[in-house]
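One chain comes next, on its own, written out as structure tokens in the form predicted alone.
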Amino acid sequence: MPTPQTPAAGRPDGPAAGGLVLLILRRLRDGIITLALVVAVIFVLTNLVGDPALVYAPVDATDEEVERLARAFGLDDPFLQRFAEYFVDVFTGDFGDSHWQKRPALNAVFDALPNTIMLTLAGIAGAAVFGIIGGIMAGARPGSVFDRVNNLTSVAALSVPNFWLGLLLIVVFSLRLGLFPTSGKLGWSSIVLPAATVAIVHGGRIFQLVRSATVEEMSKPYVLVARSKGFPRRTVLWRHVLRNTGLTTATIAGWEYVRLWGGAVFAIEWVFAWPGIGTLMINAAHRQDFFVLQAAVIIAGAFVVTSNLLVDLMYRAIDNRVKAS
């Protein structure tokens, strides 16, 4: 009778590795399609809003001068031809030159990108500490003083606009107490208030969902059996409940990070004059710099796609049922 074959030591499991590769390929395919749609929408909107030639023309330019500029930039070519050329340029890294900053638009975005990444990571880290740890501890003892105070705090955080909360933090901690700078990037202390704004608003939503998942998990039979056998509440909570709520926790934390790149962090950047993509986009909009706007939106869309892929991979690392699918 043939003996079962065992995989060689140190080799990855074939089906599992193949499933991971297929997942990444599917997500990359979907991401490329999404970015292509974003590029198409941006091109159509920027051509419908106004004539791009007017951006480069002087204020007192005549119609003949505007037409001459349009011919120079190829703006009088057929719409589909211009769209195809723009599509190829974008996916080869050519986003055009900024008439405002007098340099390639992609360079302007890349200079602001590290600041936005720094703010989103600092903010989501603070949100995770408050939302995940606080939600688990509150859900483990529903109705306690800790639960009531943190539940009220999270609801209040969800009820206020992020820009209003940012202004409030500036008034209290910058103008009244003088602890942190009001705006700009002047050192490590400059990121405290913007990151705290992100953490409070998005941490409140994480807290609510993690708390609800913990309360539901704590009422399940396996927890009651473990408690009846004398296992301490802390052991049951951290060894079993935390593991079973991991997928919910990863879902909401990942979604909140995606929401930041979807535009939630840009308003906070503007309030604190943080030199990130949000501030760059608003300044570019004021100056009608379409090339910088297009580059910033597309790069932000790429981060949304990448973040969704990382969340999917995190699912597989947490839940075995996802690995088997």
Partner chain sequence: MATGAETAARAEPAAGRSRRSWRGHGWWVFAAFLVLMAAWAAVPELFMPFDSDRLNPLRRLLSPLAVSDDGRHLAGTDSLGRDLFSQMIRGTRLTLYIAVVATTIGAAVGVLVGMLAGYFGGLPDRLLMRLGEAQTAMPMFLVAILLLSMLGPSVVILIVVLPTLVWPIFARVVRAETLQVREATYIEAAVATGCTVPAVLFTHVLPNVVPRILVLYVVEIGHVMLAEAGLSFLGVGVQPPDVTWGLLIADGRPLLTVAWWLTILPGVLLGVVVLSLNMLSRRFEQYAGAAA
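Residue numbers count along the first chain shown, from 1. The shown structure was predicted, so the numbers you read here are calculated from the model rather than taken from an experiment.
One more form of this protein should be noted, the form predicted together with its partner chain, which is absent from this view; the next part is about it.
*Asks:* Could you tell me which one of 80, 155, 225, 88 places a heavy atom within 4.5 Å of its partner chain in the predicted complex?
*Replies:* If I apply the 4.5 Å criterion carefully, the residue I get is 155.
*Asks:* Pick from 161, 93, 232, 114: which residue has any heavy atom within 4.5 angstroms of its partner chain in the predicted complex?
*Replies:* Contact residue from the list: 161.
*Asks:* Give a yes or no on whether each residue among 259, 263 and 305 has a heavy atom within 4.5 Å of its partner chain in the predicted complex.
*Replies:* So, yes: the whole triplet contacts its partner chain.
*Asks:* Please run the contact check for residue 246 against its partner chain in the predicted complex: heavy atoms, 4.5 angstroms, yes or no?
*Replies:* Output for residue 246 is no: heavy atoms all beyond 4.5 Å of its partner chain.
*Asks:* Classify residue 45 as contacting or not contacting its partner chain in the predicted complex by the rule of any non-hydrogen atom within 4.5 angstroms, answering yes or no.
*Replies:* Result yes; residue 45 sits at the interface with its partner chain in the predicted complex.
*Asks:* Would you check, heavy atoms only and a 4.5 Å threshold, whether residue 202 touches its partner chain in the predicted complex?
*Replies:* No, residue 202 is distant from the partner.
*Asks:* Against its partner chain in the predicted complex, would residue 209 count as a contact residue? Criterion: heavy atoms within 4.5 Å.
*Replies:* Yes, contact at 4.5 Å.
*Asks:* Within 297 to 312, which residues come within 4.5 Å of its partner chain in the predicted complex, counting heavy atoms only?
*Replies:* Going through 297 to 312 in order - heavy atoms within 4.5 Å of its partner chain in the predicted complex - the hits are 297, 300, 301, 304, 305, 308, 312.
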